[in-house]
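Have a look below at one chain only, the form predicted alone, in C-alpha cells format.
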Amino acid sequence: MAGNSNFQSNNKVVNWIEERMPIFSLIDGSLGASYPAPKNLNYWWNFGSLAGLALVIQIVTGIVLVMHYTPNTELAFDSVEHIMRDVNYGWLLRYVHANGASMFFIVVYIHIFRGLYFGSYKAPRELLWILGVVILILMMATAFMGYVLPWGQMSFWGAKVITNLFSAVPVVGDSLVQWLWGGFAVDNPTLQRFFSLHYLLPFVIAGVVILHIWALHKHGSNNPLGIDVKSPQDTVGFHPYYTAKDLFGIGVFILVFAYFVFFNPNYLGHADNYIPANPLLTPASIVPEWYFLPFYAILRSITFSISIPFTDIVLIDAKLLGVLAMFGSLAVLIALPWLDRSPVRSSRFRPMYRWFFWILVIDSFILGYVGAQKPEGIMPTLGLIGTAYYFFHFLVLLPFIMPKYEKDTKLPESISNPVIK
C-alpha cells in the first residue's frame, strides 16, 4: 500500500544522496504525497504519530538523564536529587521523562481502544495488531524497571512485590526470582539489572515500531468505515492533509503534557517515592503506577484456588492463577484477530458490538479504580466481577455470542460515497 514515490528535487546534494541511498524517496513514499491514505481518517488516527513522538521524547530525555544517574543502592536516590537540584534544567528533564511515561501510556491506550472500536485488528492487519500488543508489553516492562530506578520506598517495594509473583511459576519459580534479583533479595544487583534493561528496551521498542510501521504500509491504514480502498478516489496523499492534521494533534498533546510538567508534575506519581528505600519499613499501601492498575486489579481479584472436587488436591493455587489471569489479559489481545469472527470491521455497522465495546471501556476504568484501592469491603468482589467480564468479552462474547445474535447494518459501497455525501 505504500506509494511508489516519484520523488524529485532541484537540490544537487539531495539528488546526489538519493542516487546512492534512496532515503528521500523512501520517506516520500511512506509519509509524503506519494503515500495514499484513506480520505476519511479522523482525529482518532492521530494517536499513532503521537505515540511515536512520545517514544522519541522518552529516549532523548532518558539518554541525558543517564549521564547524571548512578545505578547503586547507596547513591541512586541522591543522584536523582542531584539531577533535580544541581543539574541545569535537570528538574525539567526528569519531569518530562516521568510524566512522558504516563503520556505515552495514555496515547497508546487510546490508540488500542480505537483499534478495537474500528476493527483494525482484523485481516489482513493481524500482524500489525500483534506487533502493537508486543510494543505495549515492552512498554510495561520498561516502565516497571524505570519506576524502580529512583530507589524510593515505592520503587523498592514495588520491585519486591512484582518480582515475587514469578515465584508462583511451578518448578523454576524460585530460581527465576533469584535470577531477576541477582541474589536472594532486592538489592544492588537488582537495581543494576533493571537499569541496564530499562536503558536497552526503548531501543528494542523503536525496532518493533519500525516493524509495526512496515506492516502498516503493506496494507495501508484501516479507516472509520472499516472497508477496503477500492479506487484512487478513496485516498489522498498523506502530505499535506494528514501531516497538518497530525501537527494540530501534536499541538494539543504538548499543551496537555506541559500542564503536567509545569503545573502538576507529581500528580500521576506516588508521594512515598520521595522517601528513600527502606527494606525494614513496609509502606501502608503498595500501589503500582496508574497504567498498571487494571492488570493489578485482575491479579488481586483471584483469591481462590482450583482443586479437584471432594479432595484436598490443589491443581492451581490462587497466586499462580492470579498471575496467569494477569498475563492472560494480554494474551487475549494477541489472539483477538481470531477470537472476533465477524467479517465486519467497524463497530459503526455492528450495533451490538458497539454497546459491548463501551461496556468494556467502563469495565477497564472500574478495574483501574479497584486496583488503586485497598483490597477490602466491596473492592475484591468488584474486581472479580470486572475480571470476569473482561475475559467474558473476549473469550465468550466475541467468538460465540456475537456471530449468532448480531445483525450487522449494510456497509457503504466505497469510502468516497459517504465522504462526498
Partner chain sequence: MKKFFMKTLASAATSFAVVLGLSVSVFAADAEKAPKEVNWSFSGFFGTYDRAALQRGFQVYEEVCAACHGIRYIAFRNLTEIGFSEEEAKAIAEKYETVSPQYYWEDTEDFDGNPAKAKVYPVVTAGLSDKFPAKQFETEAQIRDGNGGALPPDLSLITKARHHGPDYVYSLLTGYEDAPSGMEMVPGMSYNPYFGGSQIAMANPLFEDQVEYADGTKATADQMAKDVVTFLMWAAEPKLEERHQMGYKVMIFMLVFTILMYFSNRRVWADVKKKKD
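Owing to the predicted nature of the structure, the values given are computational and were not obtained by experimental measurement. Numbering follows the first chain given and starts at 1.
Beyond what is shown, the protein has a form predicted in complex with its partner chain; the following relates to that form.
Heavy atoms within 4.5 Å of its partner chain in the predicted complex: does F365 have any? F365: contacts its partner chain in the predicted complex.
Against its partner chain in the predicted complex, would L92 count as a contact residue? Criterion: heavy atoms within 4.5 Å. Yes.
So in the predicted complex, does E81 come within 4.5 Å of its partner chain, heavy atom to heavy atom? Output for E81 is yes: heavy atoms within 4.5 Å of its partner chain.
Taking its partner chain as it sits in the predicted complex, is V204 in contact with it (heavy atom to heavy atom, 4.5 Å or less)? No - in the predicted complex, heavy atoms of V204 and its partner chain never come within 4.5 Å of each other.
Sort through F304, W338, Y259, F184 and report the residue having a heavy atom within 4.5 Å of its partner chain in the predicted complex. Of F304, W338, Y259, F184, the residue with a heavy atom within 4.5 Å of its partner chain in the predicted complex is Y259.
Let me know the one among L127, V161, V236, I334 whose heavy atoms come within 4.5 Å of its partner chain in the predicted complex, would you? Checking each option against its partner chain in the predicted complex, the one that comes within 4.5 Å is V236.
Out of the stretches listed (192 to 200, 172 to 180, 206 to 214, 283 to 291), which one is close to its partner chain in the predicted complex, meaning heavy atoms within 4.5 Å? Looking at the other structure, the answer is 283 to 291.
For the stretch 221 to 252, I need every residue with any heavy atom inside 4.5 Å of its partner chain in the predicted complex, listed N to C. Going through 221 to 252 in order - heavy atoms within 4.5 Å of its partner chain in the predicted complex - the hits are V236, P240, Y241, Y242, A244, K245, L247, F248, G251, V252.
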